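Starting off, we have a lone chain in the form predicted on its own, written out as structure tokens.
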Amino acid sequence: MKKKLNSEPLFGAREREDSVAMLVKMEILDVGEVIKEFESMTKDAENVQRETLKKILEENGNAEYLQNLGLDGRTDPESFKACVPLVTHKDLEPYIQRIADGPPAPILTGKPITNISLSSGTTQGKPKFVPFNDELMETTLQIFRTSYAFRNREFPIKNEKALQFIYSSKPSKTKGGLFAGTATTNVFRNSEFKNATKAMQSQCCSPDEVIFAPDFHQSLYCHLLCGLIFREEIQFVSSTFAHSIIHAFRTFEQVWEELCADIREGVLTSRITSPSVQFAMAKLLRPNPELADLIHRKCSGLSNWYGLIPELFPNVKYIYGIMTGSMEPYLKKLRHYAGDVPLVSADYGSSEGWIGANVNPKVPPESTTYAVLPNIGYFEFIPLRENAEEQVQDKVDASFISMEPKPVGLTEVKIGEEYEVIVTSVAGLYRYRLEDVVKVMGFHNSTPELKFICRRNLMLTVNIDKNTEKDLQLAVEEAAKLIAKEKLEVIDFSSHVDLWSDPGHYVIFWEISGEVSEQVLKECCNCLDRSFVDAGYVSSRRVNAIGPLELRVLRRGTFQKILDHYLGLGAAVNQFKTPRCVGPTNHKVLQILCDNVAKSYSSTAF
């Protein structure tokens, strides 16, 4: 008999007696109690923040990093800010590398770190090491149950299944013997996460063997197959990012007839070669010609795959995943597949930790805000507009670069202002600059509700211009309207600043769903150039300090090659984000883009 893939977690979670763990371990999660707890906590956010910082510093007071900064056991915010500097990941890399290399020691945290999370690497071109521990897992579970409680209040589900496109990264170990995987992999392998999903009565329809399959393509195919087998029981469809859901149903368009054949015969396709996956799927597959015929009729009757998801899963109540920031460009396609099924944006976090939960799940993804949970970390915010004004007033000569930022506390932020997020986490990151820009849209009781704007270090700039990822997205959306008239779409896009030419200029890469005429593509190029409305860009273009924008049309499948590149580095599809602004350090991705250019156009807009 073939052996099942071991689905036991790679590390066991200690028994905890705090309220979070106790609620998660309940047989059925009391969503009313969770909401009540959240409302109480957010009414006293300032004091909760002080207590959270106190707890973090008490638990990690003997860590080498804090010992060297001279806190001497003090846990108040004033002493903390006076002694502990603002840092970036680069500043902490030597400490994290020592943790990864071993032996176990209290370097950043009082108790040794037991796991390492790997970032996607899509921003800098290579994954970052980030500490992950049991305490960080607890904050993950709290975000998870909080957002679920608000979501389930609006879209009740009970004792049903979910089609979740979940994938594990390739397991590895650091020099010191620590397990290294993506943050999502660390979560999915954790026993308490499994308990939490049971408590929420929403089980993934795919067995663990599919989730932890050694090959992503086999995993995706079997996720789709499991969803079809349990189609009547599926109540929501989800993945970490909207991109993964789009990728899954684009794949479905290609393999649906093969899936029908598997269901009809009750025999798994030969494309699945993993023994553990074969064994697990054999338990689910039975010959079902009636189901195969039904799916075949539905797929054959769809016009351009509109409303595919509710056709396949008639009882689906919503589609769930991160849909803000770099995921917004996929919303149009996702709505095409979703038909009338609501889209619900998932919570706000990063590989370094969580920040806020979506407690207004009926709000469209473009308007989603995240209420900060004041007990999952200590948060500060650098006011961007205030700093800019101070820099202008205090600038004394041309060598002036920037002022020392002056962060404000969680409850001190102002509605309508933009900030950079600073986090002190339970996993040993102290006053850590996430480099995320957020806007305060309001308050939930006394905790702010944040809208994610962009990554601060992802920016197109040649001269005095400053165009963010959001600016790029809006320009692409405007230009894409020209090819939409021909019933075509931009499958995906990226950009690069070419500083080798004189003057430097923007390069926009498009992968398009079909053939577009030369004239229309020239118009798209000009439209892109005109759509960057930043004053610095417009004025620089007019005096030729920035050269004509270049549109490069890519061969079909180019962005799949970029995805495959990151999968080869050990990333998981769950955390993949298309690199929107490819910098000079991301050599491989830039090479893939440049090697797959089919056509190129230069703007004549200015």
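In this text the structure is predicted, and so the values were computed from the model without any measurement. Residue numbers here begin at 1 and follow the sequence given.
Below, we refer to the form predicted together with a small molecule, which is not included among the displayed structures.
Picking from 531 to 539, 492 to 500, 321 to 329, 477 to 485 the stretch near the small molecule in the predicted complex, with a 4.5 Å limit on heavy atoms, gives 321 to 329. Shown without its partner, this chain lists Ile116, Leu434, Ala149, Ala280 as candidates; in the predicted complex, only Leu434 has a non-hydrogen atom within 4.5 angstroms of the small molecule. This chain is drawn without the small molecule; in the predicted complex, the residue among Pro106, Gly181, Pro207, Gly349 with a heavy atom within 4.5 Å of it is Gly349.
When the small molecule is considered in the predicted complex, Lys577 lines it closely, a heavy atom lying within 4.5 Å. Looking at Arg455, you'd find a heavy atom of it within 4.5 angstroms of the small molecule in the predicted complex. Although the partner is absent here, Phe241 sits close enough that one of its heavy atoms falls within 4.5 Å of the small molecule in the predicted complex. With a 4.5 Å cutoff on heavy atoms, Phe379 does not count as touching the small molecule in the predicted complex; it lies far away.
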